[in-house]
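Look below for two forms of one protein chain, each set out as structure tokens: first structure 1, then structure 2.
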Structure 1
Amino acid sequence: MKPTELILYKDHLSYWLRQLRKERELIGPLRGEETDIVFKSVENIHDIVLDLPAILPTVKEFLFPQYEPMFKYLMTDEVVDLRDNTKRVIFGVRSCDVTALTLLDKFFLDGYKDPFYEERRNETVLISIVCGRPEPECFCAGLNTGPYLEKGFDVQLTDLGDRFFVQVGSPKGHSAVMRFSFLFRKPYKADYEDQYEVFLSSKATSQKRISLEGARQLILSGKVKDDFWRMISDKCFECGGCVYQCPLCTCFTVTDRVFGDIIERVRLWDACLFKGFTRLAGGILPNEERYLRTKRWFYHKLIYYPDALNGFGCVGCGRCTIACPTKIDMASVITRLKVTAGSEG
């Protein structure tokens, strides 16, 4: 659908969110301990942080939770479905995360539909905010995954100072906005000009450019040898920071927990970088050497994701750059890969 464009004055924002909260749990960026900003359930609307940094925690956990009870089995032969059908609206999402969720939709919903993810996704409305001040670690602009989007969003806000330029891009977004149409007005020429200035500024500020396609072609050409992955993996101590911060990592494990007469099945985030992730019967570890697991992670992002989902497993959010203490994040590795493969070619 063609986005509907409106203006919302910031004085009306709290009232709008308060009305949405009457029907849905409101998740928003709140200040946590010290200066950290985290996405949490909002009790006080005025606690929402509007002056947001470019890099925020991923909202993936609200669609694909880190710890997710699936069902429990009672000794009376009763099975209780623990599927979460909470209706939510998440405010303050970054454009790169919206892009990531469109790829997660393909992973979880194309072909076999994951019922747990599907329920949450159908009941969640995303209100994203255009990133006006990208950080040095961000490279979304080069991947067209941000700092603003032309499509694929529910509601996209651009901060124009005293007001937001509002774009409505989905039926869910339309419902969240148009039922409170008295709070919005149509844009004037000056609003469009101010919005365009924000877009130009955010693009210009995002200086980092990383070519994932170039790295993909180098790998497919066979120029990237295993010695490169050994060199990279020697610096990795498998903390999982890159994996758990990535909005596109989907690895999980399923386990049963026993509580007296109750057996609960849960799904937990896991990581293909961990040695035991692909353990087979008899304790066989097909990727016991760390360099093979490191190689697999980058192949998954750069080779398998495009082949299966028609998009790279990276949106340039920069979180792995911040999370990795030894600088073997996506941007750094691709830069080294091009230098190494280029010198060998």
Structure 2
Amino acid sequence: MKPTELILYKDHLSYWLRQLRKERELIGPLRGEETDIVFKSVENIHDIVLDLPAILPTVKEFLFPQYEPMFKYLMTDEVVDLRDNTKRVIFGVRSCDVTALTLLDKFFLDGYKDPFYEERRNETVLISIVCGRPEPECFCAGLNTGPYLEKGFDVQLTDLGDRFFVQVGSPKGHSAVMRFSFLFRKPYKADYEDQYEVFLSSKATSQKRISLEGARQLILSGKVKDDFWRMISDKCFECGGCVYQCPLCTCFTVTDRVFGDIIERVRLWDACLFKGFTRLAGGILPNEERYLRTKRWFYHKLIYYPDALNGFGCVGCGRCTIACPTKIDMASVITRLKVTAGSEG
């Protein structure tokens, strides 16, 4: 299906969002302290930041929260479903995150359907904005995971100065736009030209190229020895930041909390970088050595993910580069990988 294409004047943005907010919780990028941007419920629509940096916080938490109550079990044998079914519209999402969600969908919904993710996903509409100014950390352009998407989005906006070029790519997006069709008009030739201009300039400024496929081939060729992973992991703080911030990391653990007569089951983000992650009975730690855990994280992203889900476990969002205290991130590790493997022939 070719996406429906429309024009929305920025003057009408707040009206549109206000209408959407009548039915859904409106989440948008708002200013935190200093230059921080956070995604949270929008109180005042005019506070939404439109002049955004490329790297925004991940929206993974709205579909797969860090701490998620699942159900309550009462001693009367009653089970209360605690699934969140809040209807949300998230404005200002990055293309890389939208791409990540199409992979998360495969993980959570192909075959066994994770009901918690499914419910949230069905109730969420994403309005993404094409990214015009990439940051030094991110590299979506070479991976085709951004900054401009052909498909996978609900609604994609391209900033043309005084107006947005709007593309509708899903039934959810269609409904969010078409019910307010009086706000939108058909694009003219000049609009297409302007949109192409933005597309070109955003492509031109996205210069960082990291070849995940190249890295995958190097690893599969057997040229990357464990010494490399030892060297990479020696500064790892085991904080889990790369996992927590990655839009494609999905590990969780489950815990039961006993409040007197009520037992609440909760799921929480977990991370394969923690040595306790694979703790076995009897206190055995199969991955006690740090390099084994670092190695597995990169293997998961570069080998297992493509094998299982037909896509890399990385969309080039650059968040691991920011989160890692010692810069053991996807981009720099792949660069070092190529240098090391290259020098060893």
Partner chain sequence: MDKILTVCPYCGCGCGLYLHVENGSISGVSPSRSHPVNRGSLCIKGWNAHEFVTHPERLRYPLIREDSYLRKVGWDEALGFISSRLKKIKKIHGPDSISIISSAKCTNEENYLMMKFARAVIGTNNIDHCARLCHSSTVGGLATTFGSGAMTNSISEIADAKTLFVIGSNTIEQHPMVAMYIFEAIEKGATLIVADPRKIRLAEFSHIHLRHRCGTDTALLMGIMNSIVAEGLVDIDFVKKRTENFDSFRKILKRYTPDVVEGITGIHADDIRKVARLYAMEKRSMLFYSMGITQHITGVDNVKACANLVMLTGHIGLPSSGLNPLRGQNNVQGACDMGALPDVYSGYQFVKDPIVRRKFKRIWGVNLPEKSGLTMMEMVEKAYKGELKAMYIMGENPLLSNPYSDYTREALQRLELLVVQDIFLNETAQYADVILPAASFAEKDGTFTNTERRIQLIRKATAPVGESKPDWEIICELSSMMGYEMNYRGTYEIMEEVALLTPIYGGILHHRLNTGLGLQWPCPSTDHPGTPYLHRKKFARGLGTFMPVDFIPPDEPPNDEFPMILTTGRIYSRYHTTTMCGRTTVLEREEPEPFIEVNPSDAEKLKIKNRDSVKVTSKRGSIRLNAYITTTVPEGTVFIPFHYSVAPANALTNPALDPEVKIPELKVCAVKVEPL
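C-alpha atoms forming the largest set that superposes within 1.5 Å between two forms make up the rigid core. Computed from a prediction, not measured in an experiment: that's the story for all the values here. By convention here, residues take numbers in order along the sequence of structure 1, the first being 1.
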Worksheet entry | Between structure 1 and structure 2, the form predicted in complex with the partner chain | 2
Practice prompt. Could you check whether the CA atom of D51 moves 2 Å or more between structures 1 and 2, using the rigid core for the fit?
Written response: no
Item to complete: Please say whether, between structures 1 and 2, the C-alpha of T35 moves by 2 Å or more once the core is aligned.
Response: yes
